[in-house]
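The form predicted alone is given below as one chain in structure tokens.
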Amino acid sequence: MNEWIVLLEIILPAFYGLPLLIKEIKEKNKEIMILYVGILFISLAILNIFAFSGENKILQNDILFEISPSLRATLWILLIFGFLFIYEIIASNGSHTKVISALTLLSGSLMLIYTSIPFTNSLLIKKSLIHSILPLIGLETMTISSIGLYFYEKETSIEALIKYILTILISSSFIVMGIFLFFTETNVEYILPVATAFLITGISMEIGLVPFHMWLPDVTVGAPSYSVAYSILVGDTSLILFLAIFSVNLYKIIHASFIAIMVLLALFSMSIGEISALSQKIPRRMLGYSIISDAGYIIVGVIAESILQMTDPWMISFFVVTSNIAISSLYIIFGSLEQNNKPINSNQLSGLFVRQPMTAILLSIFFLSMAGIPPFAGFYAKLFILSYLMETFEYWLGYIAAFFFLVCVSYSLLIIFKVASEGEGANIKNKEIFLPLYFACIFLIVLGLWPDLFYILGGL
């Protein structure tokens, strides 16, 4: 049965890491750990193929799991780059505990992706409690594993971890309360908008939407860079898609005033995120604020897709995937340039093109894609948002988003100019990090030249 294959695919990563607790693979055997993890991802790819074989290719009639083509494309990308970024964790001398946490995070993310559509449907039609419990299990699994990823024995990391734990506890409380209100047997007129407000508030805290954003820059600076990169790529992507599917499908029944509030929060996220990023001297903190602005663009994109009655969030999926791959890769580069576990500032990037031209080229490509400069994938990601807004005749939102896109271009170019300027700064010592970065760079270029590749992945 396809549903049992999907269930095996979800739980396999978490259980696959258990042997590492029994027998630790030491640093000198990290090649064995890479091979061990590689076998897992090959197995996941095979299970993913069989899960969609036969008549139930989209699993539309399955009781517990359902997936759309955009989620299908995202799932393939998460499996490919999930392995590459776990490779980064191992190559960066990450402990077996970090690898176990990364695999557990992947299990939670897969569960969230596979149950996002049934969860939304159950709230409106089926009223099935099991469909609400499974996403909660996925969220809590991601939370616990993120704690293991972010933990690092230094003062700034512990402080960042405490902020993260407190934020996640509060957000989880909002999510549980929202689900409880959905299942409350009452005829109160506004119970559904209130329940929706609780759910989206909880998820918004986890993705860093204003005004729930204060924790995010501190965590991304204090935690290990490879852990942040993996968490953004796998965890943040699945959370955002869960929010997008939930919001798009409930758009018609949400009160108009609630939509206005979401638009207002999106505008604040775009403005605060981009302007704050422009003023930062520490690149990792700059990227943290860029993630906040991305949350605003995502909310605007969700509203546009809802108006156009697009139940499958293709545009949001494309935007999230391309943006998170670029940002995660940049965190890897900046973390590899750090010395004595201290975040580098922009001045330390001076002369990088002369000292290590390949590192500078990769950094520039990722920044250009994040800024939306052609021919990289980020260009189409931001173009889709603007085009969808124009189709809905929300011209004023399109103009505001375009303005803040230019702000993103400005601080991205400032970093690139700094890299190309003369000076003496940090160097990357660990050359093993380049392999995944090459794949990420090629993917962003190919997807920028051939954006239909994303749709092809959705049909595999």
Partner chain sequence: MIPLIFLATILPAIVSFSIFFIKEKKRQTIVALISVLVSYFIILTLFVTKGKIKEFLFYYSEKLTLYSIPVIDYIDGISFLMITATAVLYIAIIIYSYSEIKERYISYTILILLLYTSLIGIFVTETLPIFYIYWEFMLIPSTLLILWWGGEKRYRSSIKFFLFTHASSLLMLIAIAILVSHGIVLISQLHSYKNPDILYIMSLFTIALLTKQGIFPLHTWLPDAHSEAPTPISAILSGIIIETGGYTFYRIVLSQNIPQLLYITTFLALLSAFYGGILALKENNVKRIAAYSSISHAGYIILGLSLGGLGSIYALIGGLFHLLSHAVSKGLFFLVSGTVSHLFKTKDIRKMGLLMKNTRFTSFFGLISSLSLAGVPILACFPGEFMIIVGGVQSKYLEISLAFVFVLIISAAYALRFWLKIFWHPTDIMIKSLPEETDCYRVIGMFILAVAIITIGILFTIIIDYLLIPFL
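Treat the numbers as computed from the prediction; the structure is a model and nothing was measured. Residue numbers count along the first chain shown, from 1.
The next section is about a form of this same protein that is not shown, the form predicted in complex with its partner chain.
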Does Phe384 reach its partner chain in the model of the complex, with heavy atoms at most 4.5 Å apart?
yes
Is Ser410 a contact residue for its partner chain in the model of the complex, using a 4.5 Å heavy atom cut-off?
yes
Consider Lys418 of the chain shown here, and say whether it contacts its partner chain in the model of the complex, taking contact as heavy atoms within 4.5 Å.
yes
With heavy atoms only and a cut-off of 4.5 Å, decide whether Leu449 touches its partner chain in the model of the complex.
yes
From the list Tyr87, Phe151, Phe182, Trp314, which entry has a heavy atom within 4.5 Å of its partner chain in the model of the complex?
Trp314
Among the candidate stretches 236-244, 367-375, 130-138, 113-121, which one is within 4.5 Å of its partner chain in the model of the complex when only heavy atoms are counted?
367-375
Should the three residues Gly398, Ala402 and Leu406 be counted as contacting its partner chain in the model of the complex, with contact defined as a heavy atom within 4.5 Å for each?
yes
